[in-house]
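Next up is one chain by itself, shown in structure tokens, the form predicted on its own.
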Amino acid sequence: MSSSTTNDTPAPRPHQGRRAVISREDLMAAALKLVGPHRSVSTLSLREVAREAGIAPNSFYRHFRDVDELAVTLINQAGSALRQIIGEARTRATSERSVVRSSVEAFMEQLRADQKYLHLLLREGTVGSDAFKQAVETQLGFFEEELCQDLIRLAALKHTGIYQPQLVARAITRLVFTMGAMAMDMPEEKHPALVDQVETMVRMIILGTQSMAQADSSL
């Protein structure tokens, strides 16, 4: 047999269904497809994520040390994306009421979004590992910082005053996330009523801090 015949032998074909090149973002998207309102990212296995992404399990390690590192990266991305979405909603608002309403609506709309960012934060903040809970807590802290600055800006704009804005921002953030966790287990048709309740609760907090600021200034 001549050497030319050996050169005609077809090269081995890659494993069917597996992708030759994949990015960190592809792996994160695959993990997001697997989690949901009733499944924590802590239950995902490396092989499961790799299979969803269409790669060999060993290829996972080119991007992440383990599933825990992937999960923390996902939590950070989820927090950043949600802050941008809700921040844009606040920026578009033109009055105090619409600021509250648009922010709450933007938050609740994320329960139905394809990215499942809110599901991830709500679930991992309650049932995830200590590392995941700490990552969620860090993201909540970022929400509070940004909200605090908005509250101070609005109070100055409307000359209403604000009492302990950091604590007010924390109260509102924790309230909205707690109510969001409740909404995950509710039928979607009940969400509008929940939005109304959360809006009223937030406005109560805001009116309370304005009253306390006025009382404090009169002492």
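Superpose the two forms; the largest set of C-alphas matching within 1.5 Å is the rigid core. Everything numeric here is computed off the predicted structure, so don't read it as measured data. Start at 1 and count along the sequence shown; that's the residue number.
The form predicted in complex with another copy of the chain is left out here; the points below concern that form.
**Q** Since the chain is shown here on its own, which stretch among 26 to 34, 149 to 157, 45 to 53, 180 to 188 would lie within 4.5 Å of another copy of the chain in the model of the complex, judged by heavy atoms?
**A** Only one stretch passes the 4.5 Å heavy-atom test: 180 to 188.
**Q** Hey, in the model of the complex, does H38 get a heavy atom within 4.5 angstroms of another copy of the chain?
**A** Heavy-atom contact with another copy of the chain at 4.5 Å: present for H38.
**Q** Contact between R123 and another copy of the chain in the model of the complex at 4.5 Å, heavy atoms?
**A** Result yes; R123 sits at the interface with another copy of the chain in the model of the complex.
**Q** So, in the model of the complex, is V127 in contact with another copy of the chain at a 4.5 angstroms heavy atom limit?
**A** Heavy-atom contact with another copy of the chain at 4.5 Å: present for V127.
**Q** So in the model of the complex, does any heavy atom of R90 sit within 4.5 Å of another copy of the chain?
**A** Although another copy of the chain is absent here, R90 would stay clear of it in the model of the complex, with no heavy atoms inside 4.5 Å.
**Q** In the model of the complex, do R62, R83 and Q139 all reach within 4.5 Å of another copy of the chain through at least one heavy atom apiece?
**A** No: no residue has a heavy atom within 4.5 Å of the partner.
**Q** Can you name the residues of 198 to 212 that have a non-hydrogen atom within 4.5 angstroms of another copy of the chain in the model of the complex?
**A** Read in sequence order, the residues that approach another copy of the chain (within 4.5 Å, in the model of the complex) are T200, M201, R203, M204, I205, L207, G208, T209, S211, M212.
**Q** Taking the rigid core as reference, does D130 move its C-alpha 2 Å or further between this form and the one not shown?
**A** Yes, D130 moves 2 Å or more.
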